[in-house]
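This document starts with one chain, in the form predicted alone, laid out as structure tokens.
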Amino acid sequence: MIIRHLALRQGRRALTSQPIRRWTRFFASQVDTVEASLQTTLGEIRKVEAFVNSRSDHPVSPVDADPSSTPDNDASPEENLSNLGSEITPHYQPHTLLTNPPSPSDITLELLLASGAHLGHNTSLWNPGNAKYIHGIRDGVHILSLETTAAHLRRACKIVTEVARRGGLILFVGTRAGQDRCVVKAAELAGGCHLFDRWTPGSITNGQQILGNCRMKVVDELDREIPDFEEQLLDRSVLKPDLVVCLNPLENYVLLHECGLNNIPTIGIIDTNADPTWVTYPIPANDDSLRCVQVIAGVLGRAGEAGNKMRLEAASQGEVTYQPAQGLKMPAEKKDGEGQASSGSAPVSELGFLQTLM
């Protein structure tokens, strides 16, 4: 009881010593301070709006405008907030490497760096033959020189373009997991053949026994098939590729060895742990990066596409850029319903060979 009465007595004294108008004046001063700061902030915002309106063609609406007068007042919150924030342009879209591969003119150091082409293997796994391709060491990993990679890749593109321009058969090989789609796409662009499964040993050195049942066809200079040559193709030996592009040489050493025995030029991606003497035209790059393999395969496919386009343009003007097939005889002429002789093939000097792998 004594403590409660003491608190009441001291409370009355506090109230009598601090009048209510003092507290009112205190809160009023606080409100004035907040209002002054808001006015200052609003003034700065208006200055920024005036500066932006003077520099841009689209004026910015004032801050204190009535929201009910704007035409977007009835729009949904998603529409009102759709224009907020910054626009970020995507730099890497994985599907574009397959749907729209880069061309040889798009080869840049930035593209190779983004694809991880410069990353090699651990220094303990390196092959001394790759010393001229290595730029340095980073955290125990060899770093390939991207300038050397770009130069060798451009050289390989010129080779693929020239082989395709002369009507050669190009074989794209990639047997690692995930390489099948880029291998097929490159073969489609270059008009060649593809292999994404295990290489059958002896397909080149003993091709007549392994690929003897594959169908061959005769085409003219515009890649149109000419019939009535099936009987003459039965006794001919199987075709061999004029150029082999191998995306993983370590797993296809037998293929590269057979190409060497038959003097078939080869192009391969050589990492720091591979022997560059296995292929004719090495491309020092990271063969473990799927993005790097897709970039290289797409560029080589585009190079083959450019070569085929040059060959067809020359053929449309009457110029044959490849050596025609030898040992073919024109099929017997057939008479049509009117008794006139007609031949279903072009002159032998304009015939070429294509092989369809079954």
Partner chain sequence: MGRYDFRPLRVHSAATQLLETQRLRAEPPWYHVVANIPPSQPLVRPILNAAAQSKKGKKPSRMFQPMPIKYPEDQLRREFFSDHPWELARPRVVLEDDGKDGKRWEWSRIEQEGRALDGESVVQRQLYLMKRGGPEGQPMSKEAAYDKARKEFYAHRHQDEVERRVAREEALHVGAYFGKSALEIGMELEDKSYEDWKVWATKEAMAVQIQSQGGSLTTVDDEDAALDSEDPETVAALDEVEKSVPNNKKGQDAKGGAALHP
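Positions refer to the first chain, counted from 1. Here the structure is a predicted model, which means the values were calculated and not measured.
Not on display, but discussed next: the form predicted in complex with its partner chain.
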TODO: With heavy atoms only and a cut-off of 4.5 Å, decide whether residue 193 touches its partner chain in the predicted complex.
DONE: no
- [ ] Although its partner chain is absent from this view, report whether residue 136 comes within 4.5 Å of it in the predicted complex, heavy atoms only.
- [x] yes
Open item on the list: Would you classify residue 85 as touching its partner chain in the predicted complex, given a 4.5 Å non-hydrogen atom cut-off?
Closed with: no
Open item on the list: Is residue 326 near its partner chain? Define near as a heavy atom within 4.5 Å, in the predicted complex.
Closed with: yes
Open item on the list: To test your reading of this chain, name the stretch in 218-226, 179-187, 158-166, 205-213 whose heavy atoms come within 4.5 Å of its partner chain in the predicted complex.
Closed with: 158-166
Task: 280, 248, 200, 103 - the one with a heavy atom within 4.5 Å of its partner chain in the predicted complex - done: 280
Open item on the list: Can you work out which of 264, 98, 254, 238 has a heavy atom no more than 4.5 Å from its partner chain in the predicted complex?
Closed with: 264
- [ ] Kindly confirm or deny that 113, 132 and 276 each have some heavy atom within 4.5 angstroms of its partner chain in the predicted complex.
- [x] yes
